[in-house]
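Next up is one chain by itself, shown in structure tokens, the form predicted on its own.
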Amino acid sequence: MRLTVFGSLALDTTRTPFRTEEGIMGGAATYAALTSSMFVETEILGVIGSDFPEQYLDLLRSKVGTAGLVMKSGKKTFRYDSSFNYDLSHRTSNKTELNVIAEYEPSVPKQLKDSHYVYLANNDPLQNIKMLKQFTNPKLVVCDTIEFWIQTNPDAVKKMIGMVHGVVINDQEARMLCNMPNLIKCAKKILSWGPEFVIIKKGEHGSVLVRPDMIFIAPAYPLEEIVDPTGAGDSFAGGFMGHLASVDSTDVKAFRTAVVYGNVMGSFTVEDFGLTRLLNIGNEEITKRFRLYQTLTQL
């Protein structure tokens, strides 16, 4: 089974009260694809500029399929500059430079059009819609979005949501999109637009899966030290989608297990800056943390 991930690849500048890193590899598709590749064969679709460092490209090629990765010569890669507050719970967007993303025309390689599992990571919702229409008959399509697209093109975000099976979104973005404070009501409003399920990520408070037939609440894995929350939500999505694709199932048990794997993978990501921690774990460590999570949450 294969998972295909489409979305942003970026060069990030991340600022915390304790440390700043500039020009590090990031992007929603990058985090999601590298995470899911630990569970299942993964292909990444997206666009980068000629300023994307060769060592970053080599790293991607060693982990995921890149047949659908396009490089635009003479153009700059998408760049995102953000700052976290003292307790690392809230992020402020300082600068968003779309660069190559702004003029990208989505295209799915012929050999990937039959992908059964598709994740549309944070990206221009209009591009996500164009990309989605090129897949033949996906079994499960899930999308994400962020504050930038909700503010600049909310109608396109809602249209995209109406075309997918599931939505992964954080609590702040859910409230912004639905214009209401209660997260369960937000989830039900999003469900009314067409998807079959909604997952609301709540950072250090875990995540909530809402389907018409159930609500499943999964607490975050307890950590003593958090270094950089960047990419945690995308890693959640990678773990969630990666597990579902690996077992090729969308039943209730698979969904619950996938949410837990999502929380576990997000917990690894925040333990170091950027992708550092994520790139230094193996299946044994993932399984160990998953089993400990089960022990911690078992009644």
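Here the structure is a predicted model, which means the values were calculated and not measured. Note that residue numbering follows the sequence shown and begins at 1.
Not pictured, yet referred to below: the form predicted together with adenosine monophosphate.
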Contact assignment for adenosine monophosphate in the model of the complex, among 206, 106, 195, 229, heavy atom within 4.5 Å
229
Which of 25-33, 256-264, 53-61, 238-246 lies within 4.5 Å of adenosine monophosphate in the model of the complex, heavy atoms considered? The stretch 25-33
Any chance residue 202 has a heavy atom within 4.5 Å of adenosine monophosphate in the model of the complex?
no
Taking heavy atoms and a 4.5 Å cut-off, does residue 96 contact adenosine monophosphate in the model of the complex?
yes
Given that the partner is absent here, does residue 80 sit within 4.5 Å of adenosine monophosphate in the model of the complex, heavy atoms only?
yes
How about residue 161: is it within 4.5 Å of adenosine monophosphate in the model of the complex, going by heavy atoms?
no
Stretch 105-132: residues contacting adenosine monophosphate in the model of the complex, 4.5 Å heavy atom cut-off
122, 123
